[in-house]
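First, one chain by itself in structure tokens, the form predicted on its own.
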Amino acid sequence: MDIKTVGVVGAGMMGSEIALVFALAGADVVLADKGAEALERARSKLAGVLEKGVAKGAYDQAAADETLARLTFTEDLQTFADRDLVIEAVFEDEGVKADLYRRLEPVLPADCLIASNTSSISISVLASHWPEARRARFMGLHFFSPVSRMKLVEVIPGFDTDPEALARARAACEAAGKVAVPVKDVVGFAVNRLLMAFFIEANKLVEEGVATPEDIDTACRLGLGHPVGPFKLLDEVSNPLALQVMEILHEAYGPRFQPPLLMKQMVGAGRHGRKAGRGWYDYREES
């Protein structure tokens, strides 16, 4: 792999597993977040993912131990000063991302490739928060959850992205076992536009009393061949995040992406999904 050192900012569900797949591919990886607690949760989670991989025979214990040893967990962005590729995976808000870019800019090497894992915000808009000299090496690399299992990465150039830089980043993703699909820089890219339309229509079916969430999930699994139905998937990605993406798409494309009232009620009621204990399903009895 041309990319030997990788930095990931954001130790949540997405960022931690992005860090893991590059470490599994042999890269030296630094995973950064603002709090020691978030970093410890990420370390524990990734150790668990590696343990499951060993149990399933995906790799042996020695490979798992070596992978974990290639991961550094830190609160200090100064450790990104020698990175070949840096991936931002923080909260899906332009202002939050822009603030991070301002803090990273004086640290990163001049030739560092920089990517955002944004699922919905225009790459060209995000690029505007970097100095002009950095924009040729800035792009979107949109991974899918859970990153350790999902093969797809949407590769998105901005207005100023250099094709050679994009090709290097794409090759790094493919070396990490991903399938990289080029997508034009439009709000929501390709998959999320399809997925949010799917979620919205599923909500409408429930609002209209056509079927229950459980029956719709069963129908999609058996009739469409989906591994999980839309409501189970909403609980996994979290209802607040899905609602946020719907609102971004609604602003960009108009009424066809208007968030359903039912989604707003679910989020307002605190039924955020699996991590919250309740969403479309009740997870409070899970061990």
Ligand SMILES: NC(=O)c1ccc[n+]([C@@H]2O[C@H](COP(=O)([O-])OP(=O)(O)OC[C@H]3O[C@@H](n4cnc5c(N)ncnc54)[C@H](O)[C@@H]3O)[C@@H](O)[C@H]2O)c1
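Between two forms, the rigid core is defined as the largest C-alpha subset superposing within 1.5 Å. Note that this is a predicted model, so its numbers are computed, not measured. Start at 1 with the first residue shown and count on from there.
If you look for the form predicted together with the ligand, you will not find it shown, but the lines that follow are about it.
Among the candidates V210, V96, M150, V179, the residue which, in the predicted bound form, approaches the ligand to within 4.5 Å (heavy atoms): For this set of options, the contacting one is V96.
Candidate from L195, L100, V125, V183 lying within 4.5 Å of the ligand in the predicted bound form - any heavy atom: Going through each option in turn, the one that passes is L100.
Non-hydrogen atom within 4.5 angstroms of the ligand in the predicted bound form for each of V9, V90 and F143: Yes, the whole trio is in contact, each within 4.5 Å by some heavy atom.
Partner contact for D33 in the predicted bound form: the ligand, 4.5 angstroms, heavy atom: Although the ligand is absent here, D33 would touch it in the predicted bound form, with heavy atoms inside 4.5 Å.
In the predicted bound form, A38 touching the ligand (heavy atom, 4.5 Å): Because a heavy atom of A38 falls inside 4.5 Å of the ligand in the predicted bound form, the answer is yes.
G273: touches the ligand in the predicted bound form, heavy atom cutoff 4.5 angstroms: Although the ligand is absent here, G273 would stay clear of it in the predicted bound form, with no heavy atoms inside 4.5 Å.
4.5 Å heavy atom contact, M266 to the ligand in the predicted bound form: So M266 does not count as contacting the ligand.
The ligand in the predicted bound form: contacting segment from 195-203, 135-143, 157-165, 107-115, heavy atom within 4.5 Å: Contact-bearing stretch, as computed: 135-143.
Members of 247-262 lying within 4.5 angstroms of the ligand, judged by heavy atom, in the predicted bound form: Counting only heavy atoms within 4.5 Å of the ligand in the predicted bound form, no residue of 247-262 makes contact.
Core-aligned C-alpha movement of I248 between this form and the one not shown reaching 2 Å: Yes, the C-alpha moves 2 Å or more.
Post core alignment: M196 C-alpha displaced by 2 Å or more between this form and the one not shown: Yes, the C-alpha position differs by at least 2 Å between this form and the one not shown.
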